[in-house]
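Single chain ahead, written as structure tokens, the form predicted alone.
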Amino acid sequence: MKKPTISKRQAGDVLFWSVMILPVILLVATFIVVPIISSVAMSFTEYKIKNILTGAPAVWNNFENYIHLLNDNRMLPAIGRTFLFVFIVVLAQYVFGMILALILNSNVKCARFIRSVMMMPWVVPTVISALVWLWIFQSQYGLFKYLVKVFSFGMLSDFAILNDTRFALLGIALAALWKQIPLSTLLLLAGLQNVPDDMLEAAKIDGAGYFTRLFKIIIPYMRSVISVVVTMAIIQNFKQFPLIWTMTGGGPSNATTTLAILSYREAFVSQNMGTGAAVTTVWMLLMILVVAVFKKLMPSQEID
């Protein structure tokens, strides 16, 4: 059997695309793959700031860093808070993003202007957003405290959400939603505008109501877009650090200490790079596991 031959043009195309993609591969390997491997390896060593200052090599200690974190009862609560934060923000982000996308897709007046204004929170840097919400939640003169006092008729006049261990994580979730919902809305709106109008009109003629069309046609047709939006939200909120650190620093009483905060504290506050890397490794594996489970439960196949 004669082997297929490759023309000079095909060989040139392969060489051209190889040269074009080589810088991307080098960048990914240098700034993503190598640091991940280095961090995982560091998690099995005793490596502190003094090692960096003195140039002393790391000492291999097997699973001592992980055992240390589990024994002092910090890892499991941080995992629980991380999962709770991700669940609240991702679910609310999808629900409110879909509602806003449906509204903007219904020929509402000034839709372009609304989309432009709506994107402003997403453009604002995360630290600036955190400072804005820190002012809103300020325990003495904050806007949120004033609104709570007014609508509770003075019964909750001393309510300070970021100082309350029960609600501090919820306060950060509100700030995260304010920043993240605009982008989700824009992506979902793009998906909505790709749903065939003739399919919706045919369903309407057949007597299908609005919610029947929404759950039987629109959402199934948008599965791939929804999958991308939710996956991005999961990753973004799993690695959420600047918002939490700026607003509460992990407090009060560790009520907002997620895996991101715990990793930073171990590595740069306690100056133990080994345990910090151990937290980061667990954090990364859990994020990959959650994304994989979601992808398994949320097939991207659209309806015919």
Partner chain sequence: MKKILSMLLVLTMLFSLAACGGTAEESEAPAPVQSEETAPAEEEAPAAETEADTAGGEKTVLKISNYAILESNYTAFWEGVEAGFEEAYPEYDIEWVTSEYSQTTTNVLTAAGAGDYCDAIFGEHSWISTLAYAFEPATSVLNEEVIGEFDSTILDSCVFDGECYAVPYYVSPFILYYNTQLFEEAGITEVPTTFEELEAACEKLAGLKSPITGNAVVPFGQTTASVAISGTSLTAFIYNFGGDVMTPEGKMSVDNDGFTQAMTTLKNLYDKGYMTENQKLKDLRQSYANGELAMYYDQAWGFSGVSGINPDAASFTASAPAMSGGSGTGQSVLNAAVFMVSNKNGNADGVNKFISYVTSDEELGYYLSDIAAAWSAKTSQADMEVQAVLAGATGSQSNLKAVPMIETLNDLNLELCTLAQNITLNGMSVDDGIAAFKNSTVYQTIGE
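Residue numbers count along the first chain shown, from 1. Throughout, rigid core stands for the largest set of C-alpha atoms superposing within 1.5 Å between the two forms. Just so it is clear, the model here is predicted, and its values are computed rather than measured.
Beyond the structure shown, there is the form predicted in complex with its partner chain, which is absent from this document and is the topic of what follows.
- Query: Taking L147, T231 and T258 together, does each of them reach its partner chain in the model of the complex with some heavy atom inside 4.5 Å?
  - Reply: Per the other structure, none of L147, T231 and T258 touch its partner chain.
- Query: At the 4.5 Å heavy atom threshold, is S152 in contact with its partner chain in the model of the complex?
  - Reply: Result no; S152 lies far from its partner chain in the model of the complex.
- Item | D72 within 4.5 Å of its partner chain in the model of the complex, heavy atoms | Although its partner chain is absent here, D72 would touch it in the model of the complex, with heavy atoms inside 4.5 Å.
- Closest heavy atom of L162 to its partner chain in the model of the complex, within 4.5 Å or not? Judged by the heavy-atom cut-off of 4.5 Å, L162 is in contact with its partner chain in the model of the complex.
- Item | its partner chain contact in the model of the complex: Q140, any heavy atom under 4.5 Å | Judged by the heavy-atom cut-off of 4.5 Å, Q140 is in contact with its partner chain in the model of the complex.
- Stretch from 34-42, 232-240, 246-254, 58-66 whose residues place a heavy atom within 4.5 Å of its partner chain in the model of the complex: After filtering at 4.5 Å, what remains is 246-254.
- What residues in 260-285 sit within 4.5 Å of its partner chain in the model of the complex, counting heavy atoms only? The stretch 260-285, when checked against its partner chain in the model of the complex, contributes Y264, R265, F268, V269, S270, Q271 at the 4.5 Å heavy-atom cut-off.
- Message: Aligning on the core only, does the CA of I52 end up 2 angstroms or more away between the shown form and the other one?
- Response: I52 C-alpha, core-superposed: shift of 2 Å or more.
- Query: Superposing on the rigid core, does the Cα of L289 end up 2 Å or more away between the shown form and the other one?
  - Reply: The answer is no; the displacement is under 2 Å.
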